[in-house]
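Shown below, as structure tokens, is a lone chain in the form predicted alone; questions about how it binds or moves come after it.
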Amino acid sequence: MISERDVEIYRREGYIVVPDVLDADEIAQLQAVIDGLIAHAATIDTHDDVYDLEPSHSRAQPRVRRIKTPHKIDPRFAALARHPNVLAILSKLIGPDLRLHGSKLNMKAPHYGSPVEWHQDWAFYPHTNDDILAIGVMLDDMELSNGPLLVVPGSHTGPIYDHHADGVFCGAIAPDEVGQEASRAVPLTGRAGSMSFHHVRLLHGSALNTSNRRRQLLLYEVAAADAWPLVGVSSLAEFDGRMIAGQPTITPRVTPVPVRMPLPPAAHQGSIYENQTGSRQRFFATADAVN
């Protein structure tokens, strides 16, 4: 699926976009599951273990901005992490022994889909080494107007920014700290079925969806098996049970990577959207500010 040149670009820039990893039938099967999940949101009033809701959500107008851990909700999402095309790409980027760290489905509805402030995934879950990346499965065509992922090329080799506000982790970088870097950002666009792969330390975010089209991005975080989380492993059986290829190990590989722990924990738990409500300032406009 990818060439050695693609691998070189990933190493240098911190990301690649691979077109047509999934076909139309595969996308349609996933979309049918998602449509059912969105319809069920009409039965709830607030965030829970499955749903993160838009501020304007109501039962009459269900508005979902995230499905949490979709790989635990439906076997089709779990199977996608082991898709032969996906594993072929991952093995070239971070090796043959692979562990699923987590998953989420971020959804931006037309005209109001929530932005995500600038951040680095590494700030949320530092490990003993940084052979970790996020896969962005484009379930819709991604264009600049519907709020695609924005990344800063090469930022994965730079500093780990402070994601705290008033001394408490908030999962967002203050706009005045990231403004100059953000000016270099590029959008990760492509046809539905394409996938992006970005390094765990890459600076990224996404703006409000200002278009009349939805934007659904399914995300998987995948680590090399010898990358162990610094916050610890509570269950080795569960940890090893997340292997999607190759063999687990109890010998972590430790490399000299910069780390700032996500502590004290965010005041608002549940998702990055909730974490980022603790941020004092916003870089991206929100639906309330625009309307």
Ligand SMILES: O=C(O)CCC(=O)C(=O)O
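Not measured: the values here are computed from a predicted model. Numbering starts at 1 and runs along the sequence shown.
Another form, the form predicted together with this ligand, is not on view; read the next lines as being about it.
- Contact with this ligand, judged by heavy atoms within 4.5 Å in the predicted bound form, is confined among 157-165, 68-76, 101-109, 177-185 to 101-109.
- None of 116, 195, 200, 89 but one reaches within 4.5 angstroms of this ligand in the predicted bound form through a heavy atom, and that residue is 116.
- Contact with this ligand in the predicted bound form, judged by any heavy atom within 4.5 Å, is made by just one of 123, 80, 149, 137: 149.
- Proximity of residue 217 to this ligand in the predicted bound form: non-hydrogen atoms within 4.5 Å are present.
- This ligand is not shown here, but in the predicted bound form it comes within 4.5 Å of a heavy atom of residue 272.
- In the predicted bound form, this ligand lies farther than 4.5 Å from every heavy atom of residue 127.
- Contact check for residue 206: a non-hydrogen atom falls within 4.5 Å of this ligand in the predicted bound form.
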